[in-house]
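Two forms, one protein chain; C-alpha cells for each follow separately as structure 1 and structure 2.
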Structure 1
Amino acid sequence: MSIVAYLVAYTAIVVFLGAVFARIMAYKRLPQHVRWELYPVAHEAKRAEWGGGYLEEVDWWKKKREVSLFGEMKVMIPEILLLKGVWEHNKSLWWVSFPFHFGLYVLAGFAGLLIFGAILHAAGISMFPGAGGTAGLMIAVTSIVGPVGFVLCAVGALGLGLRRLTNIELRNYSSVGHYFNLALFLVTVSVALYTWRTVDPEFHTMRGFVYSLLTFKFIKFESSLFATQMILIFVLLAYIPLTHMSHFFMKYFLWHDIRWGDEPNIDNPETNRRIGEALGQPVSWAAEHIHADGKKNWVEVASYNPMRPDGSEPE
C-alpha cells in the first residue's frame, strides 16, 4: 500500500502541475481580446475610491498613467482570503463558502509547514515528537493548523453540499459533478481527520511521507488508513485543476487581464502586432449581411459596406 501511495502522489503532482500549466498556456494562447474592463478598476490609484479611471481626464493619452499595485492588493487580499464579494452579495452562502475556502488556504499553509519540516529534517534537525526549539514549535503549529484546516474544509463542504441540495434555486444549477466534487472533499478531509485522531496525532507519519517524496528515501508505513488518506489527498490535488475549481488560479487572468485590463493602446508595438494578426484571419460567419466566404479576412469584411458595395456616398 505504501508503494501505491507514493506512486499516486508523484503522479498527482505531475498531473496537478501539468494541468495548471496547460490551463494557463491555453489562456495565453487565446487571441488578444478587445478591451472589456469593468469598473471599479482597483489599480486606478486614488480614482478607484469612487470607481473612476484615467478616462476621466481631458487628453488622457498625454498624461502619465498612475497604476497602483497597492490598490490591487487592497481589493484582492480581502477578496481572496475573506470572500468579500460573496459576503456583500450572497451572505447566506458565505457562511458555508467561507469556511470551505479558508479551510483550503489553511491546508495549503499546513502543506507548507510539512514541507518545511521535512526540509529541516533532511538538514539534520530532528523532527521527531518531543523535539525542542524551532522543530518543537513547528510540530506544535502543524498539529494545530492541520486539524483546523480539515475541520473548516469539512464543515464548508458539507454546508455547501446541503445548501445545493436543499435550496431549489441552487439545485437548479447543480450537476451530479458538483455533488461528487463536494463529496470527494468531504470524504478526503474526514478520512484525514480520522487518521490524525487515530494513527498520526502529531502528523509525524505525514511529515515522513513528505520527507520521502522530497528525498526519494522511501519509508514504509504500516497503516492502511494512513495510505488511504494520502491517496485521497493526492487524487484530490490532481483533480482540482481539471475542473471549474481551477478558478483558484485562473481568477488571476479573469480579474487582471479582463476585468481590470484597461491598458490603452498608445502605439504599443506588441498590441498593434496582435491586432494586425487578428484582423488578418479569415471570417466564415454565414449571415448574408456579413459577406464572408471563409477566405476574406476581417479587414476586408469590415471595410465592406453591404449597403454601399460600390463605395458611393448617399445622394
Structure 2
Amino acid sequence: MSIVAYLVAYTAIVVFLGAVFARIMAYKRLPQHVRWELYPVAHEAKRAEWGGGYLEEVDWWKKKREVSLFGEMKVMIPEILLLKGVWEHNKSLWWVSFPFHFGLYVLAGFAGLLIFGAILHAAGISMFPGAGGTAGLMIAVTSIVGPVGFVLCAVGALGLGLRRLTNIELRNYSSVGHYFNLALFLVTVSVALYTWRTVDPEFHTMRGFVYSLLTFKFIKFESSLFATQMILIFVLLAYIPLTHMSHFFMKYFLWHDIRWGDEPNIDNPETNRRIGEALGQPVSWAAEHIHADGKKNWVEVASYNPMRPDGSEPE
C-alpha cells in the first residue's frame, strides 16, 4: 500500500492547491457586490469604537483614509481562534464547534512541526526517538500536539454530528453532505489516534513519510494501518476545498471585500467597470412591482416608471 499512499498524497496536494485557486478565481469573477453598510468597520482606527465611519467627516473625499490592520486583527483573531461570534450568539453550539475548529488549528500546527522536523532531518540532524537538543524538543512537542489535535477534532466532529441530529433547528437545515463531512473527519482522526497508540507513538514513521514526500526518497511502510491513515488524511485534505468547508479560507473575502469593504469609488476605472457590468445583469425577480422578465437589466428596471408603462415622462 506504500505506493498507493504516495500517489494519493501527491494527487491530494495538487487537488487541494488547484481547488483553492479555482475557488478564489471564481469569486474574483463574480459581479460587484452591493456594499452592506454594516458598522463598525474593524479597520476604522478610532471610529470603530462607536460604530462610525469616514463618511462622518466633512469633505471626507479630500482626506486620507486611516486604515488600521491592528483593528482588523483585534476582531479577526478572537473570531478565528475562539469562535467569538458563536460564543456570543449560540453558546450551546460553541461547546461542540470550538473543539472541532480549534482541533483543526492544532493539527495544522502539528503538520507544521512534522514538516519542520523533516527539514531538520534533511539538514543532517537526527530525528530518531531519544535524540537530544532541538531534535528532542521537536519530537516531544510533536508527540503532545498531534494526539491533542486528534482528540479535540474527534470530540468536536462527534458533538456536531449529534447536535445536528438532536436539534430540530439544525436538523432541518442539515444535508447528507453535512453528516458525511463530519463522519469523514471522525473516521480519519480516529484511525490516526489508533495508529499513534499502536504503531507510531512518537510519530517517527509519519515524520519519515513527510521527509520522503519532500525529497522524493520513497520508503516502504511496515504497517498497512499507517498507510491507511495517510491515505485517509490526504483524501480529506483534497476533499475539504471542494465543499462548503472551503469557508476556512473564503471567509477572508467575506470579511475584507464584503463586510468591511468600504473603499470609496473616486475615479476608479476598475470599480466603474465592475459596477457597469453589475448594472447590466438581467433581473428575474418575481415581484410584480419590479416588472422583471429576465431580459431587462438593473438600469432598465430602476428607470422603469410603473405609472407610465410605455416609459414616457409625465406631462
Partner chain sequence: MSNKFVRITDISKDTPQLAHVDNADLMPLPIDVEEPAWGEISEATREDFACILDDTAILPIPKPKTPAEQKAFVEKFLSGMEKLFTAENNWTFLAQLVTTMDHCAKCNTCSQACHIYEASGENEMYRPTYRTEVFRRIYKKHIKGEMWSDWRNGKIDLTWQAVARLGELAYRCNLCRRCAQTCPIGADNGLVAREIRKIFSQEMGITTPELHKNGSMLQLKSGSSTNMNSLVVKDNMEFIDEDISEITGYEYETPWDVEGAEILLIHNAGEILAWPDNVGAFGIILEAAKKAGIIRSWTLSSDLAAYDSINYGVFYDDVQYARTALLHANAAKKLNVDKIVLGECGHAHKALTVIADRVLPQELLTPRESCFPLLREIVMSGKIDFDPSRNDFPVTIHDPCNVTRLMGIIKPQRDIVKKLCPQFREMVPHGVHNYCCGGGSGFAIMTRNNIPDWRHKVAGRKKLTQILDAFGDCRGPETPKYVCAPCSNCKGQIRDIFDRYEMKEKESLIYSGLVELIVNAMTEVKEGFIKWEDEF
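Residue indices: 1-based, along structure 1. Please read all numbers here as calculations on a predicted model, not as lab measurements. In this text, the rigid core denotes the largest set of C-alpha atoms whose superposition between the two forms falls within 1.5 Å.
*Asks:* Which of the two structures shown, 1 or 2, corresponds to the form predicted together with its partner chain?
*Replies:* The form predicted together with its partner chain is the one given as structure 1; the other form is structure 2.
*Asks:* Please say whether, between the two structures, the C-alpha of Tyr10 moves by 2 Å or more once the core is aligned.
*Replies:* No, shifts by less than 2 Å.
*Asks:* Checking Leu69 here: with the core superposed, does its CA move 2 Å or more between the two structures?
*Replies:* No, because once the rigid core is superposed, the C-alpha of Leu69 moves less than 2 Å between the two structures.
*Asks:* Quick one: once the rigid core is lined up, does Phe248 have its C-alpha move by 2 Å or more between the two structures?
*Replies:* No, shifts by less than 2 Å.
*Asks:* What Cα shift, in Å, does Glu277 show between the two structures once the core is superposed?
*Replies:* C-alpha displacement of Glu277 between the two structures: 5.4 Å.
*Asks:* Supposing the core is put in the same place in both forms, how far has the CA of Glu37 shifted between the two structures, in Å?
*Replies:* In the core superposition between the two structures, the C-alpha of Glu37 moves 3.9 Å.
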